[in-house]
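To begin, one chain is listed below as structure tokens, in the form predicted on its own.
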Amino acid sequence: MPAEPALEVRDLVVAYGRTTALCGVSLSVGTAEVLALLGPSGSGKSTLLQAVAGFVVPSAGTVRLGGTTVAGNCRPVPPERRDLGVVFQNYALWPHLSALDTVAYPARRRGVGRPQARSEARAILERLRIAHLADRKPAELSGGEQQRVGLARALARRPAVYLFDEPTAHLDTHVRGVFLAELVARQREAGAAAVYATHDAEEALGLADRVALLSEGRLLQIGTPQQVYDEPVDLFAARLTGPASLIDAPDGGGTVLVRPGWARLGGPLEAEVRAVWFRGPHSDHLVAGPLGELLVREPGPPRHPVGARVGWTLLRSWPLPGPTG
């Protein structure tokens, strides 16, 4: 028999009065899998995580962890009895504990002796570049430092499922990269599943095994990062995962979607450069011609000024299955 998913959500509905925050969401996460929840503010990402964690009681549907129903069709299992490691945007650090003892606490709960638990905690703090904060209490930490301690505490747990609600939203780029690398390493090592909510498409696509796109409490699409990027179900889904242009197909086959890397400058199609942005490793050129307006991404610095007449080539495109409006 196939193994039970680490997490399974079926037909989940969460309503606050007349407002429906989640509408019939169904998904599953396998052991050792990372699922990213990608969507704008108000799409239902946080509500979904809170329902899985037990902080919100669903109006309908079920939540199962490792094959055991913890919400729906039974009395809800309280949050502290769900085998989860949770990091929400509220770090909820204990005011009387130092950063070191905060991170050591999960190991102490597992029965590990204090010296060993503190040794493991110090190693995590070092990997996240915050070992110098070990003896400080929350009141002595900045908001960003508190966030990093909260992340370290989550990594110190060994749950079946991790839940992360935009944990890197206030971290600088370098620290974010360090944390994500450590998260993936520890999650893979432990064989735990992870659900990672973010509004950052690059983060979701780079981190996850699969990506679930959410909008207004509904699941739009779920698939591998390449699937949701290359084959979006509609224009809204396409723009959740990155820049996208709509143009007329050169063969007259209707409107198609084109990603910035799916075209190149130089070729038989004619256009005028309307805008140019230097991005460091690459440059974006907004060009307009008889087929419409599209963004073309080229490596290196800009090759053409605004107003230049250029040729371009379409390398690939995707016909949107549904309405594009």
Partner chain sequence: MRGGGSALPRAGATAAVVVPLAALVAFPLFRLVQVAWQEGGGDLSGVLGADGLGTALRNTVVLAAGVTLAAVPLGVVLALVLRRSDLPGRAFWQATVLAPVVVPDFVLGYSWTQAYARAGFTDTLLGLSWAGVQGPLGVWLVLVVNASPLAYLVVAVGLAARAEPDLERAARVSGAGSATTLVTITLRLVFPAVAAAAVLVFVLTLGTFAIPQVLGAPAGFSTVTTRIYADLSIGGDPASFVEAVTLALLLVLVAAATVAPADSILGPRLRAARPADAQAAHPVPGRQTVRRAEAVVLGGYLAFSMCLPLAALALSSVTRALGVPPTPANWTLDSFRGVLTVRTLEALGRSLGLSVVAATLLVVLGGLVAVAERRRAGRATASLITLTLVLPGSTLAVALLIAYGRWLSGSLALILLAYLAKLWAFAHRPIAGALDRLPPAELYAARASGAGVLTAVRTVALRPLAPALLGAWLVCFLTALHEVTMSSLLYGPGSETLAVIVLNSSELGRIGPTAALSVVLTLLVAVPGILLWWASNRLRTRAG
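Bear in mind that the values here come from a model prediction, so they are computed numbers and not experimental data. Positions refer to the first chain, counted from 1. Only the largest set of C-alpha atoms that superpose within 1.5 Å between the two forms is called the rigid core.
The same protein has a further form, the form predicted in complex with the partner chain, not shown here; the description that follows concerns it.
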{"property": "Partner-facing stretch of 187-195, 77-85, 120-128, 207-215, counted where any non-hydrogen atom is within 4.5 angstroms of the partner chain in the predicted complex", "result": "77-85"}
{"property": "Residue 92: touches the partner chain in the predicted complex, heavy atom cutoff 4.5 angstroms", "result": "yes"}
{"property": "Contact label in the predicted complex: residue 50 to the partner chain, heavy atom within 4.5 Å", "result": "yes"}
{"property": "4.5 Å heavy atom contact, residue 275 to the partner chain in the predicted complex", "result": "no"}
{"property": "The partner chain contact at residue 236 in the predicted complex, heavy atom, 4.5 Å", "result": "no"}
{"property": "Residue (of 257, 291, 56, 296) lying close to the partner chain in the predicted complex, criterion heavy atoms within 4.5 Å", "result": "56"}
{"property": "Triple contact flag 199, 262 and 282 to the partner chain in the predicted complex, non-hydrogen atom at 4.5 angstroms", "result": "no"}
{"property": "Sequence-ordered residues of 134-153 touching the partner chain in the predicted complex, heavy atom within 4.5 Å", "result": "153"}
{"property": "Core superposition between the shown form and the other one, C-alpha change of residue 112 at least 2 Å", "result": "yes"}
{"property": "Core fit, then residue 157 C-alpha moves 2 Å or more between the shown form and the other one", "result": "yes"}
{"property": "Cα displacement of residue 139 between the shown form and the other one reaching 2 Å, rigid core superposed", "result": "yes"}
